[in-house]
Structures are given as C-alpha cells and as structure tokens.
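A lone chain, given as structure tokens: the form predicted alone.
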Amino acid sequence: MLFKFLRFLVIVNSCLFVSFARAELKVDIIAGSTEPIPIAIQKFETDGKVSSKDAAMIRTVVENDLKSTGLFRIVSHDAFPEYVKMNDMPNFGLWMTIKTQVLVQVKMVTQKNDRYKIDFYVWDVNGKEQIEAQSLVSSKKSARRMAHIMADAIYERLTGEVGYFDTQIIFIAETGPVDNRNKRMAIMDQDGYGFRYVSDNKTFVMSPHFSPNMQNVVFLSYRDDDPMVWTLDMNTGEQRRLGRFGGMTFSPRFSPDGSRVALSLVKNGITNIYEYDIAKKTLRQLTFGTSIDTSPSYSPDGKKMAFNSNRSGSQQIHILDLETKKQKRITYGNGRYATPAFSPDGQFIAFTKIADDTFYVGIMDENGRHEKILAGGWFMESPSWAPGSRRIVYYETEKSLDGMDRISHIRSVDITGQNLYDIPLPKDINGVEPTWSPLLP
C-alpha cells in the first residue's frame, strides 16, 4: 500500500542528562538572524554487511535535512579532528578547536528479514554530555525514510519543536505550453525526492489536500467538464465523487479529525461555504448571503474556520465560530487577502495578500494582528504549513525573460521570513498548489 511502510521502532535509550548550572544547548528558532549551530555527523560505523551506498545516503540526507532549516551548519568532514567509535567518549577539546557544538555518532547494522538498525548518539560538545540516544529499525527499502526520522529526532532534541522531515507534499504538476497546461496530481518527499504522479493526464485537477491520517486526498476534478470535489484513496488509488450537491463545488479541506470536509458550493450564482459529514453523508450550510465565500480552513481544534469573502466590498479574511455561528472580519490592511490557512499549533494564519500589483505570502494571528510578510513576487499563492508550525510551503509563478511563458516553483520559507528555498522538481515540471502532509504514519 502507498503509505504503509514497515513501522519504525523508535527506542529511546537511556541518555545521560546531568544537571549543570550552565544553560542547556537549545537552538533559538524564533529569532530571525541566529548564527547556525555547527553540527558534525560522523561516518557511520557498520558491521561490514551494510551497503556503503545506503550508509552514505542516510548520512547525506540527515545532513541536508538539518542544513535546510537554516539553523545548523554542517561541519566539513575534512575538518574532523578524530573518529570516535560508539561507546567511546569524544575528546571534547579537539571538537571545540573546530568550533563544533553538536557531535553525532552513528552505528548501522543489518538484521534479519532484510532490515537495518541504526543507533545514534548526540553530544553537546561545550557541555561535554550526551543529550540524546536512540535506535531506529526499518526495512532496507525504507532506509531513506529512516534518515528523515533520524533528522527529525535530532531537530526535535535541539529545538524542542516538532520535526517535519518525515513528510510529503502533494501538489499539481503542470506540463505543456502556458495556454494549454496539463494538470496532474503528484506527490514527493518534502525534499523533492520520490516524485510520482497520483492522477492521470485525462482529467484537469486542482486543490489537493490530505486527510489528517493521509489515507485520503480531497481535490477539485473537472471530470466530464463537471467541476466537483472528489476523493482519492492513497492506498488503492480509487477516486470517488464526494457527493452530488446541485452545483459546482471547490476549495475542499478536511476537518482536523477527518470526519468532515469543508467546501465552497455555487448555487444560483451564489457561493457559500458548506460542511459535508462523510459518515452521515449530510451537507450543512455554514455561510449565508450573496457574497463569494471560499477557501475554508479549520482551526486545529475544529472550533473555528478562516475563509475569504468579498462581503465587505473587497476580498478579505473572516473567522467563523462554528459553535456560536458568529463571524468577524480580521484583515484591514492595504490590499486584498485570500487563501487563509491555520497553523497546526493554532498560533498563526498564513495568507496570500495582493497589493500594489504584487502578491505576498505572510502570517498573522487569528485576530488579524502582528501581520508579517514572508515573501513577495509577481504571483504566489496557496500557503500550507509543515508540522510544527515553523515552515510554510507555497508556489510562486514568474514570467520568463521573453514574457511568453510562466514558470512555477514550489518554495518553502520559515516564519521569520528567512531561509527561503526552492524544492527541486523534475525537469519541465511546474509545481502549483502544494499541500504539506502531517508526519507520515
């Protein structure tokens, strides 16, 4: 099945936590301009049966994951002052001379049933103590995923925040000329690896979004020239129409518990937001009036919903309390606001802003305060959150030099507006409408 990997056994071994008067090593991920923490990851100690290619790959993936955050600087392998075998104490003075603050030791061995086992220790060099020790077990074919889980463990120990490396991104892959683009759903790891299509090239599709357990995806399909919301079973590949509601449906989003889908429904030329109960197969209307209400996004507790509406005369973001049914407008800045997305921790709402002929991606709190612009350009849209609420993925479209083409990139930025980068896509693929998955099951 598509997402059913051999379940990893994560065994937290006894770690040495000594109480010192000094401050504990912790990376500040809130500040906008922190100096990256130098981290050294040793060459893996192996049992001789481990594929050297797999060992090198895992080490590289872990290093690339940590480096991609902008919070860590990978110490050059050539600068290492010693090689420390597992269960031996590092010579901390030697590592201090090259200004290393974190040292990672790894042992990788083969096990029965075509499996790998990795033990790794994380050392605080300045504090001269071991701060993490874990074991990971996986099938050999899932070795790359094991690397992401290892990077998550290191990241979480050093930042205190949820990792996001063991995740995937689903998006619309566009090919062909700008006036006749072919749109297919595709999926890849968060670092761009493992790209593959999950829909054919016969039907125009848009707006894919994961269910919380990643078993299903909701999306807009133009099958038979009838724009409606469909679901895709990620295990079987089966696609089903969500329901027949007597009008065009679009902008679907799962509720936090996966039991409902919010969507926009056009009836008699009027667009309102509705909620579909999957088990009961019932539909209830959430917004009313003659305005265009769309792009619903549930809060993490499922009690509120952000959406954009032109009810005030221009496109703005509103909050609907699903218990009291009260609504309030939260954006009053210069320009139009769209595509709101609650962060997993509920602290922020990501948004698209259009002002002065420029598109922006930014964040604010649920009351519309503390607005912060993270990126701007000719056209950008569809912000989506990584687990942990520290990074956003979105897409940006740029004009070609001759103005005859449009090139779309999938980009990621952190909430400080720093460390913006492109997620690599296959040649001649334009990526739009990305959605970041939860941590893989």
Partner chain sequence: MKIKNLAMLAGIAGLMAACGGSIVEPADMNGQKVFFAFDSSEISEDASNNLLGQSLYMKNHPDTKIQIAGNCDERGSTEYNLALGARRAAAAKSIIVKDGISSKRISTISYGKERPAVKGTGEEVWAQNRNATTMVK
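Positions refer to the first chain, counted from 1. Quick caveat, the model's predicted, so the values are computed rather than measured.
Although not depicted, the form predicted together with the partner chain is the subject of the following passage.
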Problem set entry | residue 167 within 4.5 Å of the partner chain in the predicted bound form, heavy atoms | no
For this session: Please check if residue 372 has a heavy atom lying within 4.5 Å of any heavy atom of the partner chain in the predicted bound form.
Result: no
For this session: Verify the contact flag for residue 127: yes if a non-hydrogen atom of it lies within 4.5 Å of a non-hydrogen atom of the partner chain in the predicted bound form, no if not.
Result: no
Problem set entry | Close approach of residue 178 to the partner chain in the predicted bound form, 4.5 Å, heavy atom | yes
Exercise. With the partner absent here, would 207, 292 and 336 each sit within 4.5 Å of the partner chain in the predicted bound form, counting heavy atoms only?
Worked result: yes
Problem set entry | Candidate stretches 71 to 79, 85 to 93, 158 to 166, 264 to 272, one within 4.5 Å of the partner chain in the predicted bound form by heavy atom | 264 to 272
For this session: Quick one: from 197, 222, 332, 288, grab the residue that has a heavy atom within 4.5 Å of the partner chain in the predicted bound form.
Result: 222
Exercise. Ok, 298, 245, 359, 348: which has a heavy atom sitting within 4.5 Å of the partner chain in the predicted bound form?
Worked result: 359
Problem set entry | Residues within stretch 249 to 263 having a non-hydrogen atom within 4.5 Å of the partner chain in the predicted bound form | 250, 251, 253
